[in-house]
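Consider the single chain below, provided in structure tokens and representing the form predicted alone.
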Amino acid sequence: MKKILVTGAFGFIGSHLVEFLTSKGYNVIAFDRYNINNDYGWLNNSKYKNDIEFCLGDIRDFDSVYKVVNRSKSIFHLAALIGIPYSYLSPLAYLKTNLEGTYNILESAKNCKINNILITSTSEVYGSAVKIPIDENHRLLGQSPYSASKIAADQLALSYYLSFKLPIKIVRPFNTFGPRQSTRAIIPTIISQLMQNTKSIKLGNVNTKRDYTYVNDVCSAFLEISKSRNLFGEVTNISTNQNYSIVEILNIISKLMKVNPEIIKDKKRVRPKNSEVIELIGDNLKLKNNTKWKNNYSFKKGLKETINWYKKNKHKYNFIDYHV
């Protein structure tokens, strides 16, 4: 079986993807940032640990990227800085990781003649919706330094397809949720706050809407897109074609956890007005027409799995008061 390199392998989606691919019999190289403790993040205690090849480096360093790419046949590139609030504080960090890191992958892949490269995008590149649902032809708008860095990375990747015939596929997930996600994300922050305080919860703008896909379904979409012969040089959404507001999510989670909290508006959790994306809902017709993918987890089923996981693993988190 050909080796698949997964960058950003120790994080939320990356760790699930590494395990998913390994469970399907693929040989996976898990690449993530070098650390002196050989810490593999969420893969430290994975039941597949002995079947995974680990490699530590830095996505911003061409030499370390080239060396691991040269040992691979396919690449699933997920390594990125993703937090929107921090991108307001340090835009340059996002350019170095998200744009320069993607350049290192592309240039290495070109030199090493890699035959299948998935570049992970984000629905944030669409900005506030001009039309609903959002298909892959929707205009792009960088409403935060984070989304701008991802637009730049996507366009650089497509330029390598057009200029060098590099076998690029852009994978564009809408909001992913599930076990292991940072409590900076809205669903974990709701769950974690309610685990500490059942009477009240701090939230920002509760009317924004997002399209949420459970992480297992996202992993299967990655694999199906990688198998497709029709999606080279293309962008493909991963979404469910439905969305939920934050207040709707709170209501569902509250019922599942059997609590009834009061909402306290926290101004620190509200994005700048012109930077806020009000509504995202993805059109997944292209994904369904070109692959065998299907959505196996309903939103409620995914929330139940997520809540149960956080309850069982609350000792792994320091539930501080994150601003989201």
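All figures in this text were calculated on a predicted structure; none of them were measured in a lab. In this text, residue numbers run from 1 along the sequence as written.
Omitted from view is the form predicted together with a small molecule, to which the following refers.
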Taking the small molecule as it sits in the model of the complex, is Ser72 in contact with it (heavy atom to heavy atom, 4.5 Å or less)? no
4.5 Å heavy atom contact, Phe76 to the small molecule in the model of the complex: no
Check whether Gly302 has any heavy atom within 4.5 Å of a heavy atom of the small molecule in the model of the complex, and answer yes or no. no
Can you check whether Ile114 is within 4.5 Å of the small molecule in the model of the complex, heavy atom basis? no
Based on heavy atom distances of 4.5 Å or less, which listed stretch (224 to 232, 77 to 85, 193 to 201, 132 to 140) is in contact with the small molecule in the model of the complex? 77 to 85
Of Asn104, Thr189, Ser121, Thr240, the only residue with a heavy atom within 4.5 Å of the small molecule in the model of the complex is Ser121
Sole residue of Ser144, Ser108, Thr97, Thr183 within 4.5 Å of the small molecule in the model of the complex, by heavy atom: Thr97
